[in-house]
Structures are given as structure tokens and as C-alpha cells.
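Given next, in C-alpha cells, is a single chain: the form predicted on its own.
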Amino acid sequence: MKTTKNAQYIGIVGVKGGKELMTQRMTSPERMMAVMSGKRPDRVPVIPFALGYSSQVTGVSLGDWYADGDKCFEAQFASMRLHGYEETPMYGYASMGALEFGGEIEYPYGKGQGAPFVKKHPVNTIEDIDKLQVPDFEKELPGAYKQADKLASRCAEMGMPVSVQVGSTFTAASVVANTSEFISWLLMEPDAAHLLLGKVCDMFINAIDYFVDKYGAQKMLPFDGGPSESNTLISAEMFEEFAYPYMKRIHTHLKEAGVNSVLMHPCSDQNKNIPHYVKLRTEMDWSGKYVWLFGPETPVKAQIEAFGDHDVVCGNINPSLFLTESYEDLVEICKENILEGMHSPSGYMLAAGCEFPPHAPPIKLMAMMDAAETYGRYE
């Protein structure tokens, strides 16, 4: 299969008289454009959330994948071409925020490590919050945003969406501060928690302004979401007080900047928070479109009921299954998800419920592609 910047993907659709029948397919960009504009593509798009996994394709170490935005782009673009899925390159990780505010992180060079992690939190006491300076993005990009900008420029050159991390404020605050201290402040020192959350939110607002000014609002597909606001850590009532106001501020800013689509990844179990995500859309009265990617704890049916009339919903295969299940079983698991979601009114994509495991064998991702081709066709 020839693959170039403007390649048409050609696939086998059947066999007749011992000869393979070939047909011209949509390109990946055409497929995504169809879904995002409310039209039906030839098959459901596949968004495997294959970030660190792509390092296997080019043979770069996972640590270098995160430390170098160019290597990060090249690996993801190569993986996209190799497998034929619709996800375009992006840069981000759950512990983003600590480095940007002056802390220290470790890149995943060690055995079994899957993403950057915090070595030194910039905030360990309430007094540290007062001294915390919000990165302004004017003289020098803070922390990992330097690498995110390298990747963004490569995406823009190729005509692909620019996906950068602009949330979640709550999850980022929980790594800017010592995590256990931050959680305790929600109960014992709520004013301090709000002060920290406000500063982290300001950083994301500055990031939005920088990337929109440089690449244009119409080219942006920013992403938001994180695990710390899940109901395994905080209640829905605490979400309403400490997460929702800052989420709404960021998304209002995106709306006012002219951004038309946002990838939302409420990670882990956020079922009790869904009314607040619905409230976000209602209160903003935004004409744009969200792509919702909930964790595997949230059934596709629940996503469709909450967001299907306006937004794209994503199938959310449990990432651990790509390590434990066979290719054949994964095809069946993906089939069930596809059949549950593919007729959602405003579009559906097959995805992993969080990052595709970086060390999973390629045949496990192939199971997603084969399931989409076999069971996810609209023709």
C-alpha cells in the first residue's frame, strides 16, 4: 500500500470468483472530516490513543519520545501510516503541570515505565502557592510545551489538527502540588486549593492564547481531561466546587477564541460527574463539537444518552485488555463496542478508554483496525 501525505487508502472489501474486489476508500482526513461535520464516513474511525506505543514503530526509546517533540511526531506519524488509523499526533501526559511551574520530572527511561512522572513538586506547602509564578508563554515556552510546540508545528505543516493539552486544571494542580497535600487541602484549606487551581488555570489560558495565535483557532483540536477528578478520588459535589469552575473558564475561553472542536477525556470512573459535563455544554451554549472519550467504566450507551445528539462519542476499550487478551478476543470485544456505538446520532469512533499500552504488541492494535473494517462499515 502506497502511503503519502495525500494518499488514498485502498482496501480489500470482498472476494468474488477467486479474485479480490478492490475499492477506493476515504482517506483518514476525509473520514474524520465526515464524522466531525455530522456525516457518515465509509467506516467508523479508529482513535487508539496510541501515544507512547508509537515509539516501537521507529525504535526510539520511550524517554526520548517524550523528551523530543520531533521524535514524538515522527513516531506517531509513522504508526498512523503503518496501521491506517485516524488519530493524528498529539503531545501530553497526566503529570503535565509540575515541570511548567518549576518542578522536576523524570522521563520514562526505566524498565516498566510508561510516561513522565514527578520527581519534585513545585508546591509542598501552602506558602509555596503564594510564591508560585504563572508561566506567561511570552519569552520562553514553559516545560513540556517546548516539545508540544515542535510537534504542533510538524502537524500544521502536514495540514493536520494541532492537539495540545489545555486541561484538566484539577489534575494538573494535583501534580503541581504534593498530591496527598492537595487532596487534604480540598477539605482543610479550600481557599489555598482554589488559589492554586486559579494559577494553574491561568497557565492553560496562556497556553490557549499562544497556540491559537500561532496556528489559528480553526486548526486547533485541544484536549482536556485527567484522572484526579474521577469519583475514585473525589465526590461529584467536590467536582462541582473544585473542578467545574475552572473547566468552564477554560472552555469559555476556547469558545471565545473561536475553537470549533475539543477532545475531552474524563479519565477513570467519572459517571457521577456526567451531569456536570452536560451542564458545561448547556451553560456555554457552544456551537462547536466535543469528542468524548470516557474511561472504560462508562458504557457507550451512557455517553450516547448524555451527548449523542450533538457530540461525537468514542468507544472505550479497557486498555489493559490489549495486554491480556488474544487478537481474536479483542476483535470480538471491539465488535461489541462498535455495534453499541456506531449509530450514535452525531458520530462515533472506536478508541481505547485511555492510552493504548506503550508495550502492547502491534497485533493488538491490528485487532482494532480489523474490527472496524469488518463490523464498522456504513456502506
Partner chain sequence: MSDREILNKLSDRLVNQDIEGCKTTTLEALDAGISAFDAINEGLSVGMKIVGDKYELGELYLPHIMMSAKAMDAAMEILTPILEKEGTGENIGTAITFVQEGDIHEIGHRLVSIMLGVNGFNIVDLGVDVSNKTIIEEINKHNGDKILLAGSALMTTSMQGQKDTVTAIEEQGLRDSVKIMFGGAPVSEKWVKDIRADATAKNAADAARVAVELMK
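Numbering follows the first chain given and starts at 1. All values reported here derive from a predicted model rather than from experimental measurement.
Note that the form predicted together with its partner chain isn't included here; everything after this is about it.
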None of S61, T58, T324, T27 but one has a heavy atom within 4.5 Å of its partner chain in the predicted complex; the exception is T324
In the predicted complex, the one of G114, P299, G258, G198 near its partner chain [non-hydrogen atom within 4.5 angstroms]: G114
Taking the shortest heavy atom distance, is E74 within 4.5 Å of its partner chain in the predicted complex? no
With heavy atoms only and a cut-off of 4.5 Å, decide whether M188 touches its partner chain in the predicted complex. yes
May I ask you to check whether S287 falls inside a 4.5 Å heavy atom distance of its partner chain in the predicted complex? no
Do R81 and its partner chain share at least one heavy atom pair within 4.5 Å in the predicted complex? no
One stretch from 172-180, 300-308, 143-151, 190-198 that, in the predicted complex, holds residues within 4.5 Å of its partner chain by heavy atom: 172-180
Using a 4.5 Å cut-off on heavy atoms, which residues of 261-294 contact its partner chain in the predicted complex? K272
